[in-house]
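Coming up, as structure tokens: structure 1 and structure 2, two forms of one and the same protein chain.
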Structure 1
């Protein structure tokens, strides 16, 4: 973890602790510098407070997501800290409680981007925002029976990324590296997370088309490097040399897999997902076969931008087609053949985006099976 990210997390933890202590002592938000945004920032944002609600900033992926929200905030002529960070630490209860507190602090005048942490939490979050009169866009996690148009204009949009197709493409690269036969183990994310489900389905789709390949085992490692290292060690103990390839649902877990393999002096082909800088470097070095980039910086910026622009009345969500209310973001498969060019375009410098081009990078309406 970089020093920047560590410092950021410590700063946010202290800020939240101060807020909770002040609340317990009966202090108002005015007595807490920077708590849930400032009045001047609201004025510059057209009277709307801005916030991003997410798990944490410890991973490069989520750091990129939130940096996109900050880039949108800066495009308004504000400092990036005018956007409040609501860090839920992987707790759906905390996610909902923080959003309700932010709405109350700002009398409902809030534009929020949110990953609800798990799919069932998206509904109470969206309903709370609607009740308060705020606006929200969500990414990644919601149940299939929840749609923004069922809640109304206050639930502006939901953005996801098609996990199945790129995951299947990564699995095909893995199977080719295995010589078209053998057993694969899969390390998955939190079971209730939509991307975890889709990325496992992508692997299963590839295996169905390759009769000499089998899925030996699939277990969740909750997107976590340490848990993935422990799980991979267990796989090696249980299955030994039966394992011919490893399919990971995100980059962080792939890092743990590589640690476990290195500890045993074993070299196996491994694929990942997210396109983080460290993973791309590993692809360039041949340590990883492939990763999948989902442009988190753009996703973080456009999610907040859609909520805020709808709040400002720049567009009316209910007048937009459903493909603008639920849509996929872009995905790019990164292999050793194209990793250098990819790195120069997306990682060595951050592309500048026109946040008023709301659906320019959309990969189409979300499909449900």
Structure 2
């Protein structure tokens, strides 16, 4: 298609969208695109279509990621449904197919944020976006040998969250609550998942530094509440009252652990990971010792924001240092002492982020071992 026709169609689509928006708002003139937004932001994302590609809406985590993407979209003066949700339902094939379809529909003028579902899928996704001329940021899943700077400006950035250090911090709090000695059991995520491995490593690091503490057992409960409840009760049979503390790789499993303990009338210190609202409530009540918050709202917003701002030419990815192309998102340890303040700041009302502060919350460049 010649650029002339492409531009013409684009212009027409844009003005039609403005017209529809204006009609919906009851305005008579379609000539004021900024009327719905805050000031300078264009009501059409500068000609770029926005999308978030992720697993599903069945968890608080992904909902928070999406809310971030929507907050970014609204910051452009658009309605939040101007961002398209591409839900892959845990299928890498669907993830890639959806993204290709979205690129084709928008003639490549798309800014996409994506969790590729599994690591090997990140490369075909990034290459498809580059070929079509779109822009993409990824989170979580990517193979170690794939780097945004090798693909080019179209692969803007990759964000991950290091599980090791915060998990170690949570373990230290657990060990402290145990009086610096005794045995710990760990409930892990799906064994091959990178966060599951990192969170267990964090615990192991903490135990290395505390010779009086030992790791009794670590088994996967696949991030699942029901499986975790069964696993915890099996641990109780195997180890009885040798267990002095429980370290869980996520919040959902900690809920199951607490119920298994409740059934037996046993009180043990338990730590979790993810910082979901329910878990923070439990920390406030003292049922959980600690959880780790990874600010998925910010992660979801900035991943989309980076792709879109690069598309608009607000910054050129290849001119940025590597620490801006591959970086860790923030992790905040939530304990009883700070749970109240944390809840007020992050959960009761979502903080408003300045999305032009692109790396403000970065926790440093991703390290490979």
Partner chain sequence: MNRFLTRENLLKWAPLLVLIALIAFFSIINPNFLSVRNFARLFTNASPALMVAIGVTFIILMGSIDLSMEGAVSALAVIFCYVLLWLGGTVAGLGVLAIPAILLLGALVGAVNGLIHVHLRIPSFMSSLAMGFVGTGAAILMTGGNIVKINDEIFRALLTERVFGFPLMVYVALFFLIVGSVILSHTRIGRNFYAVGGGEDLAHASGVNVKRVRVWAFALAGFYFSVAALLQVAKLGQAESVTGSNLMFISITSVVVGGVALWGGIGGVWNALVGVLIVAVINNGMIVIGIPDFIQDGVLGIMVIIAVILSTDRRTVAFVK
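Only the largest set of C-alpha atoms that superpose within 1.5 Å between the two forms is called the rigid core. Source: prediction; values computed, not measured. Positions refer to the first chain, counted from 1.
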Just one of these is the form predicted on its own; is it 1 or 2?
1
Inspect the rigid-core superposition and answer whether the C-alpha of residue 186 shifts by 2 angstroms or more between structures 1 and 2.
yes
When the two forms are laid on each other by their rigid core, does residue 108 show a Cα shift of 2 Å or more between structures 1 and 2?
no
Would you tell me if residue 119 moves between structures 1 and 2 by 2 Å or more at its C-alpha, with the rigid core held superposed?
no
Per-residue CA shift, residue 205 (Å; core superposed between structures 1 and 2):
2.7
Per-residue C-alpha deviation between structures 1 and 2 [residue 258; rigid core superposition; Å]:
4.1
